[in-house]
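What follows is a single chain, given as structure tokens, in the form predicted on its own.
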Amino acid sequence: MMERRVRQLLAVPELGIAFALLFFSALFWLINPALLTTGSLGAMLRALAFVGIIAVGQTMLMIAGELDLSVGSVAGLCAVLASWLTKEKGWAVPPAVAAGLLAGGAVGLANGLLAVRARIPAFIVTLGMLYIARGLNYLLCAGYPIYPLPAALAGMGKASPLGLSWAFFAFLGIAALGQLALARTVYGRAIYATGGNCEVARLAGIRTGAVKIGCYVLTGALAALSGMLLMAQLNVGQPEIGAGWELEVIAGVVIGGVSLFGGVGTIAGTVLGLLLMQVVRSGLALSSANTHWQTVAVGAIMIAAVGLDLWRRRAKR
């Protein structure tokens, strides 16, 4: 009886992540109570906002059974594109931001068409797009930061009255909408069905290809938005924006309980996974541990999360 209850609890990915989050929060708080001060909590929430926005799209994409490794480079490319249009071409802020979002969506569409329609493995397509977007980024700005930016654009990155960035509130809103879409809409159910068993979903009348391509487009657009929000906060079009974000996003999503095999996961779990990563990193930093241990810890947690996912699958069988 007890074993069955334990299995039932472990079968809920979000519950396991929540327990891990509470455990590490308590552990690092005992080591250094500064972890849970208002300043530290605000810094952690601000830090995860940019990666978190992209993680919402990546969550939906991975539930559908696909993967995008180009999100970091796309974020950098769209941020530089928007800043270049305002600085060099004299565009107003709204059309420049719209152009950045359209560019991100267009890259996502290209990824989707190549991976779904042309049937080139998503790993290869998006890895190639990572290099293409990063190269275009440096070609556009010649490797130099673009500044000064218009005051209206810089205003997007200012802190809110609560001391948190507007990017964090954008992340909260996007995460809430994403969770609602997955749980309450026909498209959300189609995403789960496509990732769970693509062939059965297709026979049931679901346009699985369109579902996957839509997730690619959304992920690209959210990567563009995240990159431009960071650009506004920094008040400069840095070509290095987004570097390494693709691994951060995938780590947070996987730790959050999204299955690498598709069909399983929630936005809520991804948010918990991102929080767990941030708590571990901040806790190690405040405990005066070598900064490289932060990377080691994230990798170990990611492996444990995938191992737990595999164990849950075997237990269900």
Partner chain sequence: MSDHAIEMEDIAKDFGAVRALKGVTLRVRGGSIHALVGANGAGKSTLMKILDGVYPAGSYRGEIRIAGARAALRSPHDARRKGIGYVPQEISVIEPLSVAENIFVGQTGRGGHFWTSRRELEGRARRFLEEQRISLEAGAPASYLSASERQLVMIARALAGRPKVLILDEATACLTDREAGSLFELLRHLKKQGLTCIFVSHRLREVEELADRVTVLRDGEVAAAFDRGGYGQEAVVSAMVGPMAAQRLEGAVAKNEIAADRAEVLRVERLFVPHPRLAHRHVVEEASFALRRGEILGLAGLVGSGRSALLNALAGRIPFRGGIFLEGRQIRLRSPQEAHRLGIGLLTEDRKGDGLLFNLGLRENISAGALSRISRFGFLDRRAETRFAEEFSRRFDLRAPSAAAPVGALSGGNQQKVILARLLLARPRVLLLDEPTKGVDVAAREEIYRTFRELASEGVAMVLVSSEFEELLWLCDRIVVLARGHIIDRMDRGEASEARIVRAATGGENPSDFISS
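Residue numbers count along the first chain shown, from 1. Just so it is clear, the structure is predicted and the values come from calculations on it, not from any experiment.
Form predicted together with its partner chain: not shown, discussed below.
K.L.:
Given the stretches 221 to 229, 136 to 144, 87 to 95, 195 to 203, which is the single one in contact with its partner chain in the predicted complex, using a heavy atom cutoff of 4.5 Å?
P.N.:
Result for this chain: 195 to 203.
K.L.:
Taking the shortest heavy atom distance, is G263 within 4.5 Å of its partner chain in the predicted complex?
P.N.:
Looking in the predicted complex, residue contacts with its partner chain include G263, since a heavy atom lies within 4.5 Å.
K.L.:
Is the gap between S165 and its partner chain in the predicted complex 4.5 Å or less for some heavy atom pair?
P.N.:
The answer is no: S165 has no heavy atom within 4.5 Å of its partner chain.
K.L.:
Using 4.5 Å between non-hydrogen atoms, is A151 touching its partner chain in the predicted complex?
P.N.:
Result no; A151 lies far from its partner chain in the predicted complex.
K.L.:
With a 4.5 Å heavy atom cut-off, would you call T208 a contact of its partner chain in the predicted complex?
P.N.:
Within the cut-off, so yes.
K.L.:
Go through I124, L113, L180, A243 and name the one with a heavy atom inside 4.5 Å of its partner chain in the predicted complex.
P.N.:
None of the others qualify; the residue that does is L180.
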